[in-house]
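We begin with a single chain expressed as structure tokens, specifically the form predicted alone.
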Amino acid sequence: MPRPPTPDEAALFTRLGQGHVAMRLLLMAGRLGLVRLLADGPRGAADLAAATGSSPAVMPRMLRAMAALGIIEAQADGRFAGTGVLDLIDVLLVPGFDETSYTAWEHAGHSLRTGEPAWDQVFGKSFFDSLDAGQSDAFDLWNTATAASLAPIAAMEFWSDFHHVVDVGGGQGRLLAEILAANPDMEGQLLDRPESLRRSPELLERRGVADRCRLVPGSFFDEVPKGGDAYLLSRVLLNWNDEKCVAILDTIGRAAEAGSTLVVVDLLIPPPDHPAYCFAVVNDLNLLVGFGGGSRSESEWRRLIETGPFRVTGVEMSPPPSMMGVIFAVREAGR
């Protein structure tokens, strides 16, 4: 017979079992606009109930639970204050991370049996094809906002070795804009879907690099611009299975000249003792269920990239709290 659980194991089980409630409370905090409501300081439960049109009897109970989870902070005077957690909630209001993710996860058994994304099974289309115009815009805006976390990568010295960077699937161009701003002699091209590029001119103009960046509407499954001495894939391959990733890499390989560099910025599963390990391996399943993609270890990245015409020359893990790795590969001649 298995041994009885220790007190710590019982507490862990309770936290895990209530995880869906915690996520719903996070979503509720976002939907209620607590970030905005608590921005100017603590407020009482009755005040927040009136501001959100909520039940004055239930709101204190909701706030108490949110405070116990660390979403907000209970003050000694009975009011509630915001925490840094509130500033992270925006991601949960984006398609694929909001309530739709629960719907997909209800059919996660499909992914377990087939290796295919449950999202497609539930919604009848792939994630990106199922978004309407508003949802697609929200996803692109979130992608641009979270690209700010890649600022240390944009500041890395190796970029100064390049003169022309092609950002493949770079969304609205936030990362490329930062790279160009840090390297005044560099030019760039930004390839993505036309709807993703709609806000790019304004973003590039604000950063002062619009005159050095050409926008290229298109699909990385079809054609990638030629002429780059560096090709950037930032947070792209995590959305696709190995077969689709190889297709993307082959498209880049047809455009890239021998000796050019591929820079892959993506989730890298670290060793088990790394603080980001738990997130990486759990998020790996979330990427499978929603997109058919996943996180990959260093050995998996090497094997995947070297399936095509590229040879991996180096792998770096970004310092915490980032969970991103940077993989460098060179386009080999004759492949």
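Throughout, we count residues from 1 along the sequence that is shown. As the structure is a computational prediction, the values presented were derived from the model and not from experiment.
The form predicted together with a small molecule is left out here; the points below concern that form.
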The listed residue (Phe139, Trp105, Phe158, Phe123) that reaches within 4.5 Å of the small molecule in the model of the complex by any heavy atom is Phe139
If you check Ala147, Val263, Cys245, Ile71 against the small molecule in the model of the complex, which one has a heavy atom within 4.5 Å?
Ala147
Answer for Ser101 alone: is it within 4.5 Å of the small molecule in the model of the complex, judged on heavy atom distances?
no
Although the small molecule is absent from this view, report whether Gly218 comes within 4.5 Å of it in the model of the complex, heavy atoms only.
yes
Residue-level contact is defined here as any heavy atom of the residue lying within 4.5 Å of the small molecule in the model of the complex; does Asn239 satisfy this criterion?
yes
Look up in the model of the complex whether Asn143 has a non-hydrogen atom within 4.5 angstroms of the small molecule, and give yes or no.
yes
Can all three of Ser297, Trp301 and Glu316 be found with a heavy atom no more than 4.5 Å from the small molecule in the model of the complex?
no
Which of 200-208, 220-228, 87-95, 179-187 lies within 4.5 Å of the small molecule in the model of the complex, heavy atoms considered? The stretch 220-228
